[in-house]
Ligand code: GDP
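The chain below stands alone and is given in structure tokens; this is the form predicted on its own.
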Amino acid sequence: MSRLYPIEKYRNIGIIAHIDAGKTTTTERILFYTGVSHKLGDIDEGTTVMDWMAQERERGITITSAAITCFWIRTRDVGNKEKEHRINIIDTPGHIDFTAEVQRSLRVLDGAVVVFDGVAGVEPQSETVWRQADKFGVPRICFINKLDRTGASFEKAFHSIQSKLTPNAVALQFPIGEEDAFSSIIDLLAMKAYTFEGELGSQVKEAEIPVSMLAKAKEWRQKLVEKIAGEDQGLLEAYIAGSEISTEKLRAVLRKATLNNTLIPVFTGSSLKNKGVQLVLDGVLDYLPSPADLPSVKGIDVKTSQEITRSPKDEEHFSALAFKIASDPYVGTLTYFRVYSGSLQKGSYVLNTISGETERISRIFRMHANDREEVDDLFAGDIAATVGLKDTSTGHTLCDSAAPIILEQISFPDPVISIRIEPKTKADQEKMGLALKRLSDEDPTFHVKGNLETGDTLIAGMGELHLEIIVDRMKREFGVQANVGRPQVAYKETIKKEATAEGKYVRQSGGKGQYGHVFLKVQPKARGEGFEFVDEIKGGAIPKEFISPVEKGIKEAMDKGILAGYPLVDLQATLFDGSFHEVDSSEFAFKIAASMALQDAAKRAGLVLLEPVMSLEVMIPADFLGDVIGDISSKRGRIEETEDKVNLKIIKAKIPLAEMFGYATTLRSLTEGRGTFTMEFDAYEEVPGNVSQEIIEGKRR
């Protein structure tokens, strides 16, 4: 049992971007150039390796993140097998409805390649994935793609990265020509031009920079060297003194700055036209971290509750994080996980510190999108999958039972939209329960509520497309036919002020009676802070064994809602007094008493409805500005700013989700089909009184 590749030669990277920036095309080129696939996958023809689901191929979008392993030797080291690196790639979705896929991938990756459209530059979802990468501290490089398109401009796209995302972006390359004339790329560090010849641009040839481009290249190189020199005292002194600095030295300092997130290298090219992708792969090896370059992973010691670390070494205790659950028609439920420390052999047992269960690792797979390669062992830094884990979900830690640790879990946003779903036939009813369970196990942002016996079920997700895909998957993968209701907004309820109430449940019948009695105080918490239960019982007014049922009763009442049946959120409930009966008190009685007290206290505490408010960005030709702004305002939208972009106007607004159903059709008719929009969840806000009344009455009807 030994490693084939030292950990320094691993790269675990994700490819992230706004929808349609060319993420999947870039990944398909990487797979072709690294020899994983021998034929180019095409989105339009539905032959991509990474987008293997039927829904992805039909719609030409990525829905689930796919993992694949490939190998690469830098262009400048070709022929030297010892310089080969192993790259684990996760290709993530660009559509905002599948943001959970991006989040869980970034949590387990060491670096990212962020792809931008050379015409549009930074787009709304580019900003979202960038913020997610910031949240997890992921070092990244940028790739400005699609330079062959009409309207493409490397400089404009580069400046949009600098102004909207980070002033620390540095251009490592400059294109020779743009749009139809885009032919090759200048490497500003080596001061060489690169052309891409042979079958599908697979031969990278070095050439001299054309004389007409030399002055421009020198100007851009000076900016680059200045930025790199600013990262290292010795280099800065040499630069000021006018000394010549070697390319190797510049690369080494830029690598260090990229790992520290103080500089972000920018590459360019056109994946579709097979130009520049190999140099991006070189950049992955040159500037993105191996697992050994990163700080040790932090976790909590199960025995002492103290913070401990695990370093990425094979001789450490084994620890891994499960980041994705997927159904596979051939092998069952696959659990994807990232190994942070130690090693793992097929047939060994591991402890799940979240569920407390021991799981057997019967088989280990290296994943190649939807194909699998079975292996016997894994080491620190590996990303793989296993089958047959019974109690493991997304975000669970798997570790050596001799040294239990809980790694930081992954948090996901709450769903904002729900639809009622019912099986078409009796046969569908049984299959539907199983299908919904499997799909909700896979996707942490997909929730199922309701009573499966009565067939009255609500499914909730991140947007209309998200739920549409779920229903389609139920039909294709599980053979379930279902009727679907109209989309509904996931409202919530909360309180405005502090209040106290008493709950007393007494039942006397024949034999043993029921007795539960509690006093509760409720207080509002800040938006998004959730629920907190505080036990302030003194002197045994309520015995210890009844405290937990009180908390359960409160939570059940909160889930059911009080004002209009929507979940109650963001409050603190304090149990401060009560009484019990030696014989008649029971867990059931205290649960009911707590539920009564909470409902009464919440009614006194000024109940209000909350609704999801979205960040909306609309791109339209300037002629339609007045009409579109008027329409947004009529939908309770708040215009935040308008921007000019080439010959378009961009409107940024905050708008309630409830007003946005069918907006695509409205925008098309207002702009003669020329407007586009993107929106993502921003925050929950209080619903105005008049609207709130309508919602409550509608719900009661």
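Residue positions are given as counts along the sequence shown, with the first one as 1. This is a predicted model, so every value here is computed, not measured.
A second form of this protein, the form predicted in complex with the ligand, is not displayed here; the remarks below concern that form.
With a 4.5 Å cutoff on heavy atoms, Ser595 does not count as touching the ligand in the predicted complex; it lies far away. Mapping the unseen interface onto this chain, Lys324 falls outside it, with no heavy atom inside 4.5 Å of the ligand in the predicted complex. In the predicted complex, Thr335 stays away from the ligand, with no heavy atom inside 4.5 Å. Proximity of Ser271 to the ligand in the predicted complex falls within the 4.5 Å heavy atom cutoff. Stretch 24-32 is the answer when you ask which of 671-679, 24-32, 654-662, 634-642 has residues with heavy atoms within 4.5 Å of the ligand in the predicted complex. Note on contacts: among Lys146, Arg140, His466, His396, the single residue with a heavy atom within 4.5 Å of the ligand in the predicted complex is Lys146.
Shown here without the ligand, the chain has no residue in 166-193 lying with a heavy atom within 4.5 Å of that partner in the predicted complex.
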